[in-house]
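Here you'll find one protein chain in two forms, each presented separately as structure tokens under the names structure 1 and structure 2.
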Structure 1
Amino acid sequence: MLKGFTRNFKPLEILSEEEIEAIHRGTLSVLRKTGVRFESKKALKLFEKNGCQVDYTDNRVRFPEGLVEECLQKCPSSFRVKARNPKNDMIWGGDTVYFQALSGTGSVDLDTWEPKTPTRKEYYDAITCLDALPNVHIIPWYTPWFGFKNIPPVMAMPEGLAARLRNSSKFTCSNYSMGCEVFNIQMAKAVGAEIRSSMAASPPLTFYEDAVENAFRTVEAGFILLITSGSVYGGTSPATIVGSLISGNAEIIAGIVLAQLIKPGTRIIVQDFSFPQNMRSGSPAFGAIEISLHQVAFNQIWRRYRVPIDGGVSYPGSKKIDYQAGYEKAITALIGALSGTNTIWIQGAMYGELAFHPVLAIIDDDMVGMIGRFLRGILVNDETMALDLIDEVGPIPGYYLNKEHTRKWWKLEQFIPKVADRLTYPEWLKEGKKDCLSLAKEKYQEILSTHKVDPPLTRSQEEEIERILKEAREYYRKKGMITDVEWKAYMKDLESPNYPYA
């Protein structure tokens, strides 16, 4: 099993008991009075059968308090998730903290910093890199990118999942679009892995049919469901952080009720994916501090509901791998880890959902190592307090460098980053003034030339994946969702001698 990190102290809290209670009551009142819209006949019927008040004219569902409380209680407070290789299984919930790569639409040119579309080879290589990084515990959906060159958009998700299963044995995820979850679920089953899929609300207070359909399929397959609210406060939820929390939690709870009605005891993880609105451009304000305030409050409430928490989505607002990106990612991830997020998104993400780079994932991995070390805290006992040693060393000219105690303890206490610049000025000048970015580029090449996925897919697993992909291609081609031009380029891509890796 992957240990990840454990927070050895109480989580950071910013709300009082009374304030949490007020937010909880507010959420229940929204569920009861305002209700949530479900664009799914199947869901509406299920809700009605279980005592919700359903209005079929505007597809609004209003939830009785008792049902809400009951369904929250059915969510396991912690559970194991199974990866392709059991050594990568995890236990989500409680004080455990895991980290996951964070994808972007496309790649980025590290000189001009402009976005670009990755190739198939880059896609597979980036997964190899994530598989090798010690603090990437989850390689989620869309990762590393939404797709790659010559892939028709409808095939991006199944092709991506196939790539992750081939080049990594870590826990992965897949999402829904145009019904592709059917193929994704088959692929996961073919290699004996569980996956996490999602049901995303469309704020305010709405679920569309594709999300609901995916929830049914995922839950019925016995996989893990991530329920997410991704509002932009000031746009699709109130401009106040607590108002936005109420609106978002009402959405998530509606989703939980559905999932637990489909199959009681379903493993659920809830995600905070909300941003403030940038009031000039209208886009989400990536990298903003309010994301962290929202997350801490979210965590405090969901810890009370005892449901594992996902979040800390740290997309920087900066377009480059620069100072700003560094502090923006650091604060989001750190606050998430301190306040009880169980699975945090970070490695590789660049500007606001639009870019990812594996070299940045390497740099981020150091940051995650630092956070993990902090979570472990400080050990206080006779040996660590070292009173006898302090007495032995005494004042100047005494020193500690040559002591047995130092040889033992410094390694236990210090986390050593892999690609951070740790040199003194003279050393740095002599070594060519390398920064973390150039050190990470070197590391990337090293990983690509040495890392091997453990274990690779067996021959029969590989055949099965290829068969499912083929089925998906034909399905979408027949449905007219792949145009002739797209099909031609796609088929040519598949003829590559190095398929599927390049």
Structure 2
Amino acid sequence: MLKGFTRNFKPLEILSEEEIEAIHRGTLSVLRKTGVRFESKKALKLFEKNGCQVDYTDNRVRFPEGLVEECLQKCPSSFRVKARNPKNDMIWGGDTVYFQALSGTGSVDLDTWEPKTPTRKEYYDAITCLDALPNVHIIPWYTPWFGFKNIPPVMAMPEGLAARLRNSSKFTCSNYSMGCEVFNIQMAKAVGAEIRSSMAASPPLTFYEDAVENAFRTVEAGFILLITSGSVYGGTSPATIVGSLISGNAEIIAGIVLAQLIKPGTRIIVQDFSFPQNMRSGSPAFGAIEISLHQVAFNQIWRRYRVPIDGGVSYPGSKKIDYQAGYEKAITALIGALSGTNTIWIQGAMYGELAFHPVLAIIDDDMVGMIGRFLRGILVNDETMALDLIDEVGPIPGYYLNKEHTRKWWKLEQFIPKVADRLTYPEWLKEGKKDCLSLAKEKYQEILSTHKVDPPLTRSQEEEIERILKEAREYYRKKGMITDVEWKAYMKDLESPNYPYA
């Protein structure tokens, strides 16, 4: 089982107990008075059956406080998640922190910084890279990209999940669109893995039918449900951090009530995917420090609820792999980890969800290793205090380099990055003045030439995945969701060397 990183000290907090209680009471007020809109007759009937006030004219549900408290208590405070390879299983909750790669709609050329659409081979290679990186614990949906060349949009998610199952044995996720979760659930079961899927609110205070239907299917399959609010404060939630917290938490709790009514004890992880609005452009302000303020408060509230937390989404505002991208991602991820997030998104993502690159994921993995080392803290015992050794060495001319204590402990105390430049200046000049981007490019090629997924899919598992994909292709083709032009390009792609399972 993956250990991840354990925070060995008290989490960062910025709210008083009185402020937490005020936010909690405010959230209950929104749920009771304002309510949440659900575009699903099935959900509305379930809510009404369990004592909620349901207005069928505008599909609005108002929640009694007792039901809310009861459903929050039914959420497990920690739970095991099952990967394709048991060595990659995890326990979510408590003081443990795991890191997951981030996604992009497409790739980018590292020389020109122009956007580009990846090929199937580039998609598979990027997953191989993520499988090799030691601090990528989770490979989520849409990762590495939302699709690749010659793939009809409606098949992007099933093909993406198949690619992750083929090229990694780490825990992965899927999501919903046009009912594709039906095929995704089948594929996960075919290889003996669990997946996490989501129920995403559409702020303000709304869940559309596709999100609700996916929640029913995910919960009934016994898988993990991530419930998320993705507001832009000042746009789809109040401009104040506390107002957006109350609005977002009301959405998330409404989703929790639904999930626990479908199946009590359902494993839930909650996500804060909110950003301030850039009032000049209207777009989300990626990389803003207010994201971290929101995250710390969100984490403090949900630790009180004892529900595992997914957050710390580290999208930078920069469009390149540069200093700005580094400090924006590092600050968001570090503050999220210090304040109690259980899973953090970071490796590979560039501006917003517009771009991903595996070379950046390699650099980010070093950053995650540094954060993990900080979370471990300082071990204080007789051996680490080294009083006898200090007495033995004494003042100058004594030194510690030749001591057994040094040989043992420097490797335990220090984090050694894989691609960061740690050479002395003369060594750096002699070695060609390579920066971390150049070193990461070299590391990427090394990974592609040496890394193998452990274990690969068995023949029967691969055949079952291919059968499910074929069923999905035919289903969407008959539904008219794949055009003749898309179908022709798709079939040609399946016959090419880029498709090793044709």
Partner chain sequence: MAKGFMRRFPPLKILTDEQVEAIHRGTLDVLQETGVLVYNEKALSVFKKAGCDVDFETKRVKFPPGLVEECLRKCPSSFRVKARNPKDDLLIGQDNVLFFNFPGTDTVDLDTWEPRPPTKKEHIDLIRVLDALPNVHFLNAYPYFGFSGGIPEVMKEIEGVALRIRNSTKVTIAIANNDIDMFTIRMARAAGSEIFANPNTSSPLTCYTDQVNACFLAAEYDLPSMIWDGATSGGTAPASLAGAVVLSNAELMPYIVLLQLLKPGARVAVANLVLPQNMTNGAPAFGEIGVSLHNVAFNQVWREYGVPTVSSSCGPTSSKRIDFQLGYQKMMPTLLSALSGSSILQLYSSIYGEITAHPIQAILDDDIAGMIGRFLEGLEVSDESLAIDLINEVGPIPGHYLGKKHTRKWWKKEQFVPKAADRLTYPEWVKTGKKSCIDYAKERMEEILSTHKVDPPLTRSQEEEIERILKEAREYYRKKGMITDVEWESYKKIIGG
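The first residue in the sequence of structure 1 is number 1, and each one after it adds one. Since the structure is predicted, the reported quantities are computational estimates derived from the model, not experimental observations. Rigid core: the largest C-alpha set superposing within 1.5 Å between the two forms.
Quick one, which of these two is the form predicted alone? Structure 2 is the matching one, since it is the form predicted alone.
Can we say the CA of Tyr399 moves by at least 2 Å between structures 1 and 2 when the core is superposed? After core superposition, the displacement of the Tyr399 C-alpha between structures 1 and 2 reaches the 2 Å mark, so yes.
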